[in-house]
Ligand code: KG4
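Let's start with one chain on its own, the form predicted alone, as structure tokens.
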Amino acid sequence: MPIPFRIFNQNNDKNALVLGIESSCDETAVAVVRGGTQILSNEIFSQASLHAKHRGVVPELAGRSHLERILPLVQQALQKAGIQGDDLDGIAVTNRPGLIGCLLVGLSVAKALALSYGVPFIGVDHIQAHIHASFLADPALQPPLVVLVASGGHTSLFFLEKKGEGVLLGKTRDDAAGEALDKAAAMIGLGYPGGPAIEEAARGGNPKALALPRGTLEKGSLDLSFSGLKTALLYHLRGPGIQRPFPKLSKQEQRDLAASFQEAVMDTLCKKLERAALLYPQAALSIGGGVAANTRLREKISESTILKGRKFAFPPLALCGDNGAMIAGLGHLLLSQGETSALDLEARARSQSR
């Protein structure tokens, strides 16, 4: 049953304070948002250095880190917002999709805080929260809206007729864009996380140095694919059938391969967004997720003749990666609509997005 305490004040939701907690993967994030759009604090602890030597997220290490960081981060977010826990009107938390052990940390804390402060709480979908970040970036933005969400674990296109209800148009059939960048960075000999490492190296490289495939799939499809791109890079480095070890690359070779791989990924994402935009000519456009912070992707979108002139929301970098503000923002919307979650709400590895 829903928490039997104070009801979210829908008549005063413009001033309502919602705490957002995000712990779905390797970022511990807590934020306080007023009225669904005013970000009072947005605190994030990145575990990138913890997982760097493994060149990927280790779920057990991520979960332990969340346990150590989350309560201090809650206090930090409240202090920065200039409020006490008793001032909160609701608590929102990611309960899907993500690593179960990581999700359980945030979910358990959210339930305990909701009981302690006597306020309602609600579990939200992480991907839908990335979509909702567009409305935090531009509070005047209104649906209909086409959104590209690209991150380490997800790459999808959504259409919104109303806030909080993104309908899936297309998704990757294999690797997510961020995952492909991580794997490419490892093959080239760059650091982790791969997205920022590839972007940094690409600044001094030639994006035409290596011809790589674009995973745009069949004509008219809004799905994406990055496995062929990743395999093409692997075969370039180790030969067809992986017959030789990884070569020792010069700095310039690394830069050229990084630039070529980045160009292929961002070109694929931009083409899919263009295709979706043509299907919904009246819709505004936006991007979200960690890969949305990539400078080259933003350049390609800005240069696109198809997308030029369309209403476009570019979230700031702080709202692209995993963050608590997007959780609090979507949570505020759902709570203002009378939705709450029960204390037996479970963590789910997969999204419920349609």
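We number the residues from 1 along the sequence you see. All figures in this text were calculated on a predicted structure; none of them were measured in a lab.
Beyond what is shown, the protein has a form predicted together with the ligand; the following relates to that form.
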Candidate site Asp138, Lys163 and Gly329: all three near the ligand in the model of the complex by heavy atom within 4.5 Å: no
Looking at 60-68, 305-313, 39-47, 290-298, which lies within 4.5 angstroms of the ligand in the model of the complex, counting heavy atoms? 290-298
Of Asp256, Glu263, Asp89, Glu179, which residue is found within 4.5 angstroms of the ligand in the model of the complex when only non-hydrogen atoms are counted? Glu179
Touches the ligand in the model of the complex: Gly106 (any heavy atom, 4.5 Å): no
With the partner left out here, check for me: in the model of the complex, does some heavy atom of Cys320 sit within 4.5 Å of the ligand? yes
Are any of the heavy atoms in Pro143 no more than 4.5 Å from a heavy atom of the ligand in the model of the complex? no
Is there a heavy atom of His126 no more than 4.5 Å from a heavy atom of the ligand in the model of the complex? yes
Heavy atom within 4.5 Å of the ligand in the model of the complex - qualifying residues of 52-76: none
